[in-house]
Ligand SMILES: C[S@@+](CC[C@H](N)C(=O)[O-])C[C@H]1O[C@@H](n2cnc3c(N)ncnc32)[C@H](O)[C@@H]1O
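Only one chain is given next, in C-alpha cells, and it is the form predicted alone.
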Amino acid sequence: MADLNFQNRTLYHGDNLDFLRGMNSETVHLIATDPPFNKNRDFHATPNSLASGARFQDRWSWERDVHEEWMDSIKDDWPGVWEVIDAANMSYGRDMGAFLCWLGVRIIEMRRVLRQDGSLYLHIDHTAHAYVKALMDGVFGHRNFRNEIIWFYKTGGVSKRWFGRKHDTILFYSKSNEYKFTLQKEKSYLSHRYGFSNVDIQEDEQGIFNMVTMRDVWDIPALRGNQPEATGYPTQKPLALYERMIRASSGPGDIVLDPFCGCATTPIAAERLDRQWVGIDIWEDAYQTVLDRLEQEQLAILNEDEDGEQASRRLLTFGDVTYSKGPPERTDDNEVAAPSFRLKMRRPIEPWQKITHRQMVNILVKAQGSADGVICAGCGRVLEKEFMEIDHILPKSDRGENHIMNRILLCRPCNGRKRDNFTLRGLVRENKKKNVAWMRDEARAQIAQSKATEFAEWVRDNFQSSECQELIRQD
C-alpha cells in the first residue's frame, strides 16, 4: 500500500478527475459520494441560504463534456466499460453515453485509490441507475457488487400517471472480497415472528421496540428547508444517510473520500464519526460551507484577534482544514488503474506516444491503404475505412502498449476474433486453422502489417515535421 500524499481534512477545489489522478493508489478506505444523475436539468440553491449562489447543470454532451483521451483510455484498458457506454448511446441517447463516459473515467480512478479492503457507495436515481450499475460491474467486477440499497423517503407530490417516485438507489461495491463491513442494527416497532434477528427488547418514548438486523431498504427522511442541517444546496442529502454508510464500511481513523462533496455532507458525517476525510468539489464556496457546517455541528471554533473581533480564518479544535486548488503529487510510481495487468514502466510520455485513436487511424489508413480501400492486417481483405477497427498488435494481456507502434487496422470479424486473446500473428494462424470464410490473402495481410510498422516508425522519427503533423490532423 502506498504512502499518503494528502492530508486529513483536505478540501480540493476543481475538477475531481485531476485530484483523483493525483492521489496515490490504494490509500482510501471508503468512498461515499453523490454524483450528478443526468437529470437534464439545471439546479439552483435556495436564495438567502448557506449555499446561496450554488448551481450546476446536470446536462451532458460528447462535444462539451467528454475528452477524446478519456474515450481512448476506456477503449484500451476497460473494453467492458466502453461496451456499456456504447449500448447507452444506442438504447437511451447520446447524452447518456456522454454522461457515462464522463462518470466512468472518474469511477476508474476511484477504484484505483481504494485500498484492497475498501468500498464505494455511489448514490444515483432511476434516470441512469441501470446504466451506472452495468458501468460499475465493468469497473469493479460483478462479483464485487454487494448491495443495491434503496433509500426510501416521504416527500410531497405524486403523479397521476405513474406510481410516486420516492426512492433513490445507492450502489455498494467493494474493491475485493476482503472488504470491511460492520453489521448494522435498527429499531423495529413491529412484532414479527419471522425474518428478523432480534438482539434485545428496549423501550423509549415511542414504546417497546426490537433491535433488528438492517436490510437494504433504508427509511430515512429527506431534508426539508427548515431543518438545522439544511444549507439550501440543491441536491443536499441528510447526514443520517451518509453516517450509515460510513459506520458500516469504515472504522475510527479510516480515510473517507467524497469526490462530489458539494455541501459537505460526507466530510461532516466522517468528522462526527471520528474518521479522516478528503473532499473534492468544483463549487467555489464548498470550502466555506465545510467550515460553516463544522462550526454549526460544534466541531470548530472561531479564532479571535486581540480585540475580540472574529478573524477571517476559522480553526478546528483539533487542527485546520486544508484548502487546495492544485492536485497532490503522486509518489507511488504513477501506477495505472487497469486491473488485469501492471505496466513495468510509466505511461508513455513522448509526444508521438500520446496521439489519439482518431489520429492513429489516419496514419494506419494511409499505411494499409490500397487502390480499392484498406487492407485488413488479419485476413488480407480490402474494405472501406468505415469497416476497419483499430487494435493492438501485442494484446494488453501480454503487456502490449497503447501507442502507434503497437497498433493495426483489422476488419470487424478479425477484430472480434482477436480481442485480447491473440497477438496479430496468432490471429492469422487462428484464421487459417479455422479456415474462416473471410480469409482472403495471407501475403497481402503481411504486407499491410509491414507497412503499418514502417509508417509507425516514420511517425516516431518525424513526429515534429509538418508532413507528419498534417497527416495526423486529417479527418
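Since we're looking at a predicted model, the values are computed, not measured. Note that residue numbering begins at 1 and tracks the sequence as displayed.
If you look for the form predicted together with the ligand, you will not find it shown, but the lines that follow are about it.
- Using a 4.5 angstroms limit between non-hydrogen atoms, Pro327 is distant from the ligand in the predicted complex.
- Remark: Gln359 does not count among the residues lining the ligand in the predicted complex, judged by a heavy atom distance of 4.5 Å or less.
- In the predicted complex, Phe260 approaches the ligand with a heavy atom inside 4.5 Å.
- When the ligand is considered in the predicted complex, Ser250 lies well away from it, no heavy atom lying within 4.5 Å.
- Comment: 281-289 is the region of 376-384, 113-121, 179-187, 281-289 lying near the ligand in the predicted complex, near meaning a non-hydrogen atom within 4.5 Å.
- This chain appears without its partner; in the predicted complex, the one residue of Ile108, Ala264, Ile404, Val132 with a heavy atom within 4.5 Å of the ligand is Ala264.
- For the stretch 404-418, the set of residues having any non-hydrogen atom within 4.5 angstroms of the ligand in the predicted complex is empty.
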